[in-house]
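In structure tokens, one chain follows: the form predicted alone.
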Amino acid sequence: MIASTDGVSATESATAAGTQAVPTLVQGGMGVAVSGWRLARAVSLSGQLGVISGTAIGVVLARRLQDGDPGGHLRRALARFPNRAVAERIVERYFRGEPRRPGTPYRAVPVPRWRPSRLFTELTVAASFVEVLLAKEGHDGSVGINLLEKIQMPTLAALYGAMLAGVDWVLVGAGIPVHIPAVLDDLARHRPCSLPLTVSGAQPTDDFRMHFDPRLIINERPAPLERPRFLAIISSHVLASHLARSEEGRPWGFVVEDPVAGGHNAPPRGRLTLSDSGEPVYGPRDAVDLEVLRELGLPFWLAGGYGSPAKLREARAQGARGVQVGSAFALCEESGLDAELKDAARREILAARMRIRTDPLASPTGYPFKVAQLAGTAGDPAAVALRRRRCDLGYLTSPYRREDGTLGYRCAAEPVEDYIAKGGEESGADGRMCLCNGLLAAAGMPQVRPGLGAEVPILTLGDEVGEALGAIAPDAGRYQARDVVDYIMSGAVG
């Protein structure tokens, strides 16, 4: 960490990633604010790898401040941010001394763009810093940050903020994160860096890259940061082989995710076939060849349906270092999911009344997305029918090249007429959901629309969460992150 009178001193930082113990259990970096600092800290305190979600993290900070910052944790962390002026601007803009009154909309935040506003960059860096700092507070355990490769525009700022707070691990999936290792090298030395931006219709002569200069945040010449270990989240041994043999993109290890995992799933290989219920059908081509993984010689963890002691034993028998588990943590007390939503989900799951549907259309990214079919949420057609389409957060927008060479931004979940006007196909908008607004609503921070009410929450869980829930909380009662760790880690004994 940097040595600064305004930042966190080196003596306060956790042990460097290079000397951290390798965890057996990796907590999933789920949704928007589901894997928040409280959950990551609880898992880290148990001796395993706690992970925060970096998705839309600037929005999360802004909305929590507007909700009054209960306990003052966010402002306490911002007071330790290396650039005091940035922290003060954020607090002045978003903090409310009293929680919002019911029905009051949240103040808007800047949206991601190829050339982001200064406020967007500062908010993203500071939010990532705050989340990691709080997750690491008071212990020397490991903390990671999870990012989606498909959400490219905030990545550099989010990584830098996390590294300023001493993040130990970086996990990136939902794409081909070949450029991340080089970026981590640059950011550890406070060097300007860039990432290529995927732009529809880009020409060979175009240079659409995301640029980030740490001097926007740190004006002094600070000491180098600890470089975190990088885990690529993959669902294909072919991609694992490509990354492992890449001089630029070789990760420290892999998280290997099966299609039963919650959230986004990789599309099936080959021609898309749907079941009678309209869900993608996965076959033998989608199975990861673990022999190939073992031959690569890099550590790997298995994810998706591995949330039990027996599955941990199975994973280790197949050469894995351990497992990654998400959904069981999503329903524990420390997770960021809305408390009433968690209670309802636990009851419905244990009563065998709730189905998890792999929806091939829900996500604007084009990736299948698991949607829990729970009343009052996006899995409830009646609730969805009342929502008016909009895109005002923009994290899943797709940049496209206009005829004049400038960039436009479209989202398959925005109003259909707007999407078509930007060159999108009408069929591509069918069935799309606004994951940005829906996942924030699930985390208890729904935007309120005058005359329309609050945004509809989207709950995503893995297919096999019921097994862990039945073992940990058979009465559908509340439980702690430590209960999940103890349950799964019992498979490591003997």
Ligand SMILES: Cc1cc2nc3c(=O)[nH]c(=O)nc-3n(C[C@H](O)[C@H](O)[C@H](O)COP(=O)(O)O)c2cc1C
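Residue indices: 1-based, along the sequence shown. None of these values were measured; they are calculated from a predicted model.
Absent from the display: the form predicted in complex with the named molecule. The rest refers to it.
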| query | finding |
| --- | --- |
| Candidate stretches 346-354, 298-306, 122-130, 418-426 - the one whose heavy atoms come within 4.5 Å of the named molecule in the predicted bound form | 298-306 |
| Contact residue in the predicted bound form, chosen from A412, V170, A261, A372 - any heavy atom within 4.5 Å of the named molecule | A261 |
| The named molecule: the contacting residue among P251, G326, G144, P82 in the predicted bound form [heavy atom, 4.5 Å] | G326 |
| Residue contact check: L148 to the named molecule in the predicted bound form, 4.5 Å heavy atom | yes |
| 4.5 angstroms heavy atom contact with the named molecule in the predicted bound form for G31 | yes |
| Contact flag, N437 vs the named molecule in the predicted bound form, heavy atom cut 4.5 Å | no |
| Proximity of G462 to the named molecule in the predicted bound form, heavy atoms at 4.5 Å | yes |
| Stretch 328-351: residues contacting the named molecule in the predicted bound form, 4.5 Å heavy atom cut-off | A330 |
